[in-house]
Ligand code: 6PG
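Before any questions on how it binds or moves, here is one chain, the form predicted alone, in C-alpha cells.
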C-alpha cells in the first residue's frame, strides 16, 4: 500500500532549508536514541547542497554524526573528486566540515570502468549491510523538472525495475549519460523518505506528481516513489 504524502510548504528557500535541517537532526537523534547507528541516503543538486552546508556549519554538535552511515541515491560515472560528483559535493559541504570518518561513508563505485559490475558490487554491499528488512532510516530525493528522481528518468526501463537495487544506466535525458542509480524498490524499503524541492521551474512537476490527472502523470518516476512509514514533501512557495 502506498503511503500518503505529507506536504509541507515553506514561504522562502531559507525557511525551507532551516526547517529541513531541524527535521533531519531531530530524526537522526531519535534513531540514535534507540539504535547504535542511523542510515541516511543523500541526493545531489543545488538545493540539497544548501541543506548540507547548513547541517555542517550549524548542527555539528547536535548529535554524534560519526554514528550515521551515509549512502547516495545516484552518482554520475566520474571520479569521486570530480566537480560534478555527488560525493564530492556532499564531502565538501557536509562530511569534511563534520570531520566524518571514511568508515561511515558509502559512495557508489562510479570510477570503475566496468559500470555494470560496479552497480552489482554496490548492490551486494547494500544487501549485506541491510539484510532483508528496511533499508534507510532516512532517504532524501530531489525532483527534476521532468519529475525524475535519482537517475530514474521518465520512459526509461530503469523506472520499471522490480528486483535490482542498483543499476548502471545510459541516458540521453541529462548529461553525463553514464550513471549509477538506486531503483524504486530500494527507496520503497526506506522507513522515512522526503523530497526537497525548490524553485518555480519545479512547479509543474510538483503539480503533476501530487495532483495527477492521468496515467501519464501517475507513471512519472517521482509519482511512483513510496516508503515504509512516511513520505514527506518539503517544498518552497515558488514550487507549490
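All values reported here derive from a predicted model rather than from experimental measurement. Positions refer to the first chain, counted from 1.
Omitted here: the form predicted together with this ligand. The next part is about that form.
Original post:
So in the predicted complex, does any heavy atom of residue 142 sit within 4.5 Å of this ligand?
Top reply: Close contact exists here: in the predicted complex, residue 142 approaches this ligand to within 4.5 Å, heavy atoms only.
**OP:** Using the partner position in the predicted complex, report whether residue 43 sits within 4.5 Å of this ligand, counting heavy atoms only.
**Re:** Residue 43: yes, in contact with this ligand in the predicted complex.
**OP:** Tell me, yes or no, whether residue 108 is in contact with this ligand in the predicted complex, where a contact means a heavy atom of each within 4.5 Å.
**Re:** No.
Original post:
Looking in the predicted complex, any heavy atom of residue 47 within 4.5 Å of this ligand?
Top reply: Output for residue 47 is yes: heavy atoms within 4.5 Å of this ligand.
Subject >> Region of this chain that lies against this ligand in the predicted complex, out of 158-166, 97-105, 131-139, 72-80 [heavy atom, 4.5 Å] >> reply: It is 72-80 that comes within 4.5 Å of the partner.
Subject >> Stretch 141-174 - residues with a heavy atom within 4.5 Å of this ligand in the predicted complex >> reply: Heavy-atom contacts to this ligand in the predicted complex: 142, 143, 144, 148, 149, 150, 174.
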